[in-house]
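Presented as structure tokens, the chain that follows is alone, the form predicted alone.
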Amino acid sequence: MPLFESIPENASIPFVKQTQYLVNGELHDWQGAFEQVFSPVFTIKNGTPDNLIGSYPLMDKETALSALNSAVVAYDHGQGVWPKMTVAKRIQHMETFVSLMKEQRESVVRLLMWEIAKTRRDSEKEFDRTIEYIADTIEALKNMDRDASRLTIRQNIIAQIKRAPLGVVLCMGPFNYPLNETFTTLIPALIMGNTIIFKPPKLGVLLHSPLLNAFRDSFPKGVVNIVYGDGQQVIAPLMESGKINVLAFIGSSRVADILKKQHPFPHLLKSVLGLEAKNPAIILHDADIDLTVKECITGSLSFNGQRCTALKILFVHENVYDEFVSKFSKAVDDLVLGLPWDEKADLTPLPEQDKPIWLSGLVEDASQKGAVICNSNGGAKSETAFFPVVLSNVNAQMRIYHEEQFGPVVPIVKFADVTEPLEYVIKSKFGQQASIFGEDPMEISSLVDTLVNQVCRVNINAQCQRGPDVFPFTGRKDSAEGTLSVSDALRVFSIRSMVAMKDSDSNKKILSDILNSKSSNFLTTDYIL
């Protein structure tokens, strides 16, 4: 544990007592209870280990419902200022937000380091990628609106087809990418004209506090509302009200099911969900082992393996099994476990306080059933730090074979026939991605044709990943509902609406007068440059 006084200047943060919350365009001072925020990074302060870095409001049901009412009034059945606003003007509001957000880069980056122990380089990458995502979203919306700016004439019907908002959207993001993943739902939902209730994840709350003023100053009142606290206290009442039109949630399927069941009108609610995954790598007999090891190290252990897109299980052909396990284990042992601001740190402490114990349980279960820890430092832990474990001889009797570990434990399975890993994928309840490593085009093509009907992205000689953000990101089975990419997200948070009329002289005059007078924000042929 470092001394508090030894923390470098470019990493230090003050104690953050967040007392304000945003509802109806105003920052309100919270007068109730607060939740303490503990960092995964412990320091020695006055001779005692300490990791308390801040607190945030534990809001109650009444306050949460006031946020809901604010969003409902701002939407006003689609008659509110924001949903009726032109696309061009909504883009202007979003550009104002981006400008204000950029001013808070350093504050957000430091809070990412302290709240979830993400390295500085990855924290900076998350912030910058989010800014880039917003810019790409704006461009995608411009293109979408340009395509919709012309009239369509078919079978004596004149029509204009555009996309319209859905209503009130509840956005809940994950702790592993509390800024970027959250904004991949919040930003497209917002820019399409919906009003937002946003609840930060339980881990990664304070990093949003520097952005409160930006949200307040960039959008009409009631368009963005932010709630904090225990889900049962603040989220359950929102869902039970029946006034949430879209649930945008990234997390576990168990929690998603609870939230959906709380809504009294299941056909009114649209769900956009990013859930669990158990992405496999299939390493064939002719794989380039050095390349494969490099990709699998990054794929399985970036941000300690705490990514839904991480490689969660490795299937290795028996002909290259020993070589792969040996080189992979050595490469894992060469990784550096350090503090988020250490330039050489590859691994950092785990944000979930009890995760090292839970992971140790997975390893113990596997070991009792025949698995072998292959790397010399595997499983070493202290407080929230946990060095990765490489497990060989993994089989279907072990929990790690089936359960998503969401952490630095890498199970390796030997196979003789490629039908074995394929059978695993087919029977799995997850269906996000898979990776294939090999050189034979015929064998790879055969695998591809099976895998594309089981998962939504097949990576060849590369790790599983989300980006680039213009690519569709989704999953089959229990891994997702809806598709999130820059353009897909705009569609998933909106619906096609149209205005149609018969092709007659009188209707043409009505249409011409509307277009020339610019009296309608929807029925317009204006072209965004």
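In case it trips you up, residue 1 is the first one in the sequence shown, and so on. The structure displayed is predicted, hence computed values, not measured ones.
Here the subject shifts to the form predicted in complex with glyceraldehyde-3-phosphate (G3H), a form of this protein not shown in this document.
Checklist entry - Of the residues E276, E126, E295, E181, which one places a heavy atom within 4.5 Å of glyceraldehyde-3-phosphate (G3H) in the predicted bound form? => result Residue within 4.5 Å of the partner: E181.
Checklist entry - If you check F215, F328, Y75, Y177 against glyceraldehyde-3-phosphate (G3H) in the predicted bound form, which one has a heavy atom within 4.5 Å? => result Checked against the cut-off, the match is Y177.
Next on the checklist: Residue-level contact is defined here as any heavy atom of the residue lying within 4.5 Å of glyceraldehyde-3-phosphate (G3H) in the predicted bound form; does R307 satisfy this criterion?
Outcome noted: R307 belongs to the contact set for glyceraldehyde-3-phosphate (G3H).
Checklist entry - Is R466 close to glyceraldehyde-3-phosphate (G3H) in the predicted bound form, meaning a heavy atom pair under 4.5 Å apart or at it? => result Yes, R466 lies within 4.5 Å of glyceraldehyde-3-phosphate (G3H) in the predicted bound form.
Item to check | 4.5 angstroms heavy atom contact with glyceraldehyde-3-phosphate (G3H) in the predicted bound form for Y56 | outcome: Judged by the heavy-atom cut-off of 4.5 Å, Y56 is well away from glyceraldehyde-3-phosphate (G3H) in the predicted bound form.
Checklist entry - Out of the stretches listed (235 to 243, 93 to 101, 409 to 417, 169 to 177), which one is close to glyceraldehyde-3-phosphate (G3H) in the predicted bound form, meaning heavy atoms within 4.5 Å? => result Single hit among the candidates: 169 to 177.
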